[in-house]
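A single chain, nothing else alongside it, follows as structure tokens in the form predicted alone.
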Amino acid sequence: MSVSSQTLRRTALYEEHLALGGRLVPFGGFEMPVQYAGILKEHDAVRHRAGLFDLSHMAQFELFGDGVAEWADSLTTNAVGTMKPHQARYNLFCNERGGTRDDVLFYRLENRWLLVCNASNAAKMWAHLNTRNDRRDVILSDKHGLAALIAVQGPAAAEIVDELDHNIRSIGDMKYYFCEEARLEGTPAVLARTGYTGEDGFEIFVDGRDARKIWRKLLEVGRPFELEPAGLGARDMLRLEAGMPLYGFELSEDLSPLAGGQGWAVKMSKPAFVGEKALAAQLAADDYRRIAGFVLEGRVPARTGYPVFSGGELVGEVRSASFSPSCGNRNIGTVLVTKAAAAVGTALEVEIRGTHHPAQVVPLPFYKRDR
């Protein structure tokens, strides 16, 4: 990345990462830990115990006013107005061509909405929201870099969070994709049962000034559960195994939610929204390239951008790829290919340094936790 260290921002937990021996890399405009003890160790912790993540680089926008639901519905593919109080919901913003501006999470709180966007799209999304807002009943507030976000992910996540001093009646009874406004260790927070790893988990939204206290307390109470601080490397491996898209790979300004595999979050029956006509045309034609999962034979890894062939013809390219501990230590990934080549069971070949390596299309996700 060409961004110099002088222009990179730091989250409120930067000093904590240094103290824990985290290896920092540029990501989304911030210096972020890619790993601590090692990606495989951190992956194992999340799958079998719990991992602790700093996600404070993600953009947090607060939305106030009676018009938020109607306004947001006009900009997004999934429904906002039908969200219940304290509910979280995945959503996508599209451009007029049907390409994806960003994939996001909405949280409906008591007197406001919280919108979380990808760090790399923070400036773009803030500009888009303001350009599209001509309403007096919608007020926007930018918390990017000021608010912190800490995630505890893994089978032991609920037990660990329950060890905090909190005012929630039952942490374990919180529903998946719901949230509560709470006090954790005496600090105002939003606690959500959401995550990006395929495991059970919680995400904690707090003011940046309170982040170090919460982070340290989680490490303390998580010690008996073998909680591990985890970085972006493990997170990317975990999300790919769980079949979750990463913006810039499975989604982009030129790749629609339909092509990216998020058609379930495109509600064509709701009132008009940005990109609706283009998405309707894509659905009618049904000839667009689309994301599919693949497993690669052998031990040679694939990389983003590698050409993909089927029946001797070039049909697409690799978008994400990783070694997968949860899938028998095989090489897995996603490809963007033609409709015919995306069918489960299709034989593919991935060109790696001039040699074609056999692969096969498999269903997504690669990994599902036991419920």
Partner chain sequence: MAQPEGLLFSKEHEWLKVDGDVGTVGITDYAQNSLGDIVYVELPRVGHQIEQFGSIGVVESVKAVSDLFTPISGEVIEVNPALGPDSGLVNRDAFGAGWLYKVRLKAPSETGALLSPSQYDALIAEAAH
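Positions refer to the first chain, counted from 1. As the structure is a prediction and not an experimental result, all values here were calculated from the model.
If you look for the form predicted together with its partner chain, you will not find it shown, but the lines that follow are about it.
- Interface residue remark: residue 35 is counted as part of the site for its partner chain in the predicted complex, having a heavy atom within 4.5 Å.
- Although the partner is absent here, residue 300 is a contact residue: one of its heavy atoms lies within 4.5 angstroms of its partner chain in the predicted complex.
- When its partner chain is considered in the predicted complex, residue 314 lies well away from it, no heavy atom lying within 4.5 Å.
- Contact check for residue 45: no non-hydrogen atom falls within 4.5 Å of its partner chain in the predicted complex.
- Note on the interface: of 235-243, 139-147, 166-174, 98-106, the segment with non-hydrogen atoms within 4.5 angstroms of its partner chain in the predicted complex is 235-243.
- In terms of contact with its partner chain in the predicted complex, the residue from 318, 52, 55, 39 that brings a heavy atom within 4.5 Å is 39.
- Contacts to its partner chain in the predicted complex (heavy atom within 4.5 Å) from stretch 352-369: 353 only.
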